[in-house]
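So this one's two forms of a single chain, laid out as structure tokens and tagged structure 1 and structure 2.
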Structure 1
């Protein structure tokens, strides 16, 4: 597949969707601020039962950020004039008067904490289905050892989706870390489930160089069989099921082959503003689980790789910001998954706009 498409300047936000706001470990008894789809949100845990609360991070009075205030038990006290909000966003105290205005409330957001991630629903709360949150169970499974982090990128979130669905860039951008010549040379297969909003991209390498990421963590000395199977659950969750073994040994489809090493690489792609995205990343492994040296190595090396992506996408965004109108970009076979993701994201964004328009007329 080859062709040209008009260069998209900004990927539309898909509302009425679940997005990762934080790792569970990030949220506690201090107010945490995150901006998601241009909406500033304050997160905290209740003192009573450790539940995660998400409120709009703007006081209804003078729009002062609630994250600049403090917690009083399970209520949030604005640091400017003392307006106080309960866990549902209703104001329960205003200064200088006993009557609280009926309109004194801030929006609250549905939250799901699952697989070590905190998801927030951006859109109509009535449409939030907790069962629709995609899974990454290894993140909270004691049979896996996980490292992770988050890096902000000054770029359109669609650029990160493109980046992760086309791993041929590993050969060039991440050479010496995770990239080898075989990644770019091996053809991909792509499957798209438009209705479910899932894109699958696979690359199976039967005889490949072993990059440092795997050589140093597994101890494999020599060439490898390397499988990269991607699942992208639009708009937010990206899963890379990575399996390697000494060359000639093919991991079984159930992952039971003792000669195979399994790594689950998870990304959550959460748009912050029009040109900013949160890049949550995690690496989970089923080998050398108690080896702290391997844990530190995989954390540090993968963060280095992520920061290479951050630098590249920051540069790319600046280039696109100065590109002339009407420029046509070229797409080839390796872009099949990314182009499918763009179509799905455009559909989800359009559906969210239609739902909002209908709601506005009621």
Structure 2
């Protein structure tokens, strides 16, 4: 597979979708501002029952950011003239008069808190289905130990999707950390479920060098069988099921796999503004769960790897900023998953636009 693609300057945003806005632990009794698909949003937890609230981060009066104001119980008070909003976004106080105008309200956003993540629905709230939020259960499962963080990148979110769906870059960009020659050399298999919007890319290495990331955390010191099974649920959730075992050790016929080490690597790719993306990352393991040293090592090393991606994508975006509209790139086999992801994202973006247009004509 080889192909030349002519590209637009920016990957379109897919509305009417769930996006990770934050880790649950990031949201409390201070207002937190995040901009998602160009929409500025203020997040906080209620005093009464700890629910996460998401309101448009612009006062209806003069558009001052609510995040520059303060919480008063379960309400938000604008820091400029004191307009005060309840958890549904309805204004309950304005200065200088008793009557609050009926139209004084800010949009509120549907929120689901699940698997330690806070998801927000960007689009028509009537279409939000809380049961459609994709799962990453190990993030909040006591049998797994998880480290994680979030790094913002000054790049089109499509560049991060590209990056994560083609792990052959590990060999070059992350050499000495998670990359070894076998990653770039081993062919991949790709499966695309267009309807569900899921892309699966697998690379099974039978006999590979053990990179430092795994050598130090598992204690294996010979060569390994290394499986990388990617499952990308467009647009936001990316799962990398990673399996490490001494060479030749395979799962049993019943699927049990007691002699392997499993790592679930979770990314949430949340577009912020046109050329900014939040890169949420987490690494969960089912071994050495209580070993603080392994925990610290995996956190620091994976953060280093993420920061290598951040640096590379910042550089790449700067390079693309100087390209003419409609510049070209050349794709090969390793890009099959990434190209499928782009196709799905384009479809989701078009569907989101269509829904918005229908809603507008009603």
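Please read all numbers here as calculations on a predicted model, not as lab measurements. Residue numbers count along the first chain shown, from 1. Definition used throughout: the rigid core is the maximal C-alpha set that superposes within 1.5 Å between two forms.
The form predicted in complex with another copy of the chain appears here as structure 2; structure 1 is the other form of the chain. For residue 49, the Cα coordinates differ by under 2 angstroms between structure 1 and structure 2 after the core has been superposed. Summarising the core-aligned comparison between structure 1 and structure 2, the C-alpha atom of residue 324 is found to shift 2.8 Å.
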